[in-house]
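Consider the single chain below, provided in structure tokens and representing the form predicted alone.
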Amino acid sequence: MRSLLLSPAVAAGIYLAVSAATASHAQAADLTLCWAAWDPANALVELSKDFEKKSGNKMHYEFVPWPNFADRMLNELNSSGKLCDLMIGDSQWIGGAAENGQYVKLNDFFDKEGIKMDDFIPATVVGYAEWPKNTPNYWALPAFADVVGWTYRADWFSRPELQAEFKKKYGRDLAVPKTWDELTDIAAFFQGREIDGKKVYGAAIYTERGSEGITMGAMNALYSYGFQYQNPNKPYDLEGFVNSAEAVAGLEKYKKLYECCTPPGHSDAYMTEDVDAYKSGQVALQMNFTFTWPGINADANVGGKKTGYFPNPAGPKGAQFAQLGGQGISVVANSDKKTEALDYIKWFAQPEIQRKWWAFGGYSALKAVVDDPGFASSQPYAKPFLNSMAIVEDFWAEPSYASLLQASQKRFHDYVVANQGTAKDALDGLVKDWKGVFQDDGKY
């Protein structure tokens, strides 16, 4: 059942209760931070040794593999568990966690400590911290900026014989694609080609059914083709926006890319499978969240100058958007150690710590880091990351987002991978599904 937003008095009460506990630190605390199991989490463990040294507190970690992350952590929140003191939760959880009182509202804490949301990349504030969206109500600090982007085999693109063949066939240079049409042409050009005695394929894209994969992939085509979640002037008015002719064309394009240009057996692929396909030299192009880029850059087989990076391409009318990833860090309202958890957020928000976060392999959302004149040249993927963060869109962050996501996962996978019906059928069905969710939520 959907619960009401916390009133200002209740939210203030939570903060005052936390503040009252800060009178003294009689003894060091054991804090547990919950997140996904991936390379950035390992980097955070190293970074947090500085917090342990300065605070005397001991950090513990609960890192869950991505396919199980949402189920495990949402169950923890919904059951009022006490495992997590700090939660780095997905952007789509923010609505439910705020409305159900699962995260501590941070406005008073931010004001007290001089932490300003204006100091962070705007898209990460809206995506990771705010509920309701576009209001100054903050439930997290932007912790890890991320977005879907693309890698490509720069060494293959630079081969004179391939450049000549591509230009003869398509009438343009073999170069970073600016549009989805160009991207599909490049993927088709490489599909089934032999390079260095090995058969290669066009593109590794997201097709996974079980969690969120195909939605996080297909939305990149849909956004750039003109999909909208709702009528901009009438919330929850879906008809003609979710299933517009432009959205239909975007979903058709994603299916075309899947059918023409992916490796054999790539029917249930997400982040790990795409990285594996790319690092093993199977594909010319790879869709993936930018958190994978440092590991690719360092890879012995495909790293360094062998790989280039680019933002999600534009659609036929010039619109260019990319699916937001990333997370904010929150204090779990059911924690008995909110004081120390807030101390951790205060420590993490410091500019010098955020600079170290980038250096360790984390993606800082702090403007002082990403706007630094040297940032764009600090890594070969830094500028494409910034360009990608400038074009982000995000999935629903409603309290019922899980039901909304389950619907899109089924509709997209049934059409793109299982070849059931048309793109129009899939999006018409999605409108019906989403309307049912919002009807149950009392939005109509």
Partner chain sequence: MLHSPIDRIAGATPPAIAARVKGLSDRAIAWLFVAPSIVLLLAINIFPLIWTIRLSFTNFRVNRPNEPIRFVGLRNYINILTDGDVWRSMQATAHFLIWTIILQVLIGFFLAYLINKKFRGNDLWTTIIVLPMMLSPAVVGNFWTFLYQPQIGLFNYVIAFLTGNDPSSFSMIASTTLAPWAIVIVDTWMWTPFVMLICLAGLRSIPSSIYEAAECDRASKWRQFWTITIPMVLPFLMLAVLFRGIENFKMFDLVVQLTGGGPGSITELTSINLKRAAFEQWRTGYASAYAVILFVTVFGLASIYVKALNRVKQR
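Residue numbers count along the first chain shown, from 1. These figures come from a predicted structure and were not determined experimentally.
The form predicted together with its partner chain is left out here; the points below concern that form.
- From the list 317-325, 161-169, 205-213, 81-89, the contact stretch for its partner chain in the predicted bound form under a 4.5 Å heavy atom rule is 205-213.
- Looking at its partner chain in the predicted bound form, residues 233, 308 and 381 place no heavy atom within 4.5 Å of it.
- Site annotation in the predicted bound form: the residue of 267, 107, 339, 179 reaching within 4.5 Å of its partner chain with a heavy atom is 267.
- With the partner omitted from this view, the residue of 302, 154, 195, 74 that lies near its partner chain in the predicted bound form is 74 [heavy atom within 4.5 Å].
- In the predicted bound form, at least one heavy atom of residue 99 sits within 4.5 Å of its partner chain.
- Taking the partner from elsewhere, residue 414 is found to have a heavy atom lying within 4.5 Å of its partner chain in the predicted bound form.
- Residue contact with its partner chain in the predicted bound form: residue 399 places a heavy atom within 4.5 Å of it.
- The closest heavy atom approach of residue 199 to its partner chain in the predicted bound form falls within 4.5 Å.
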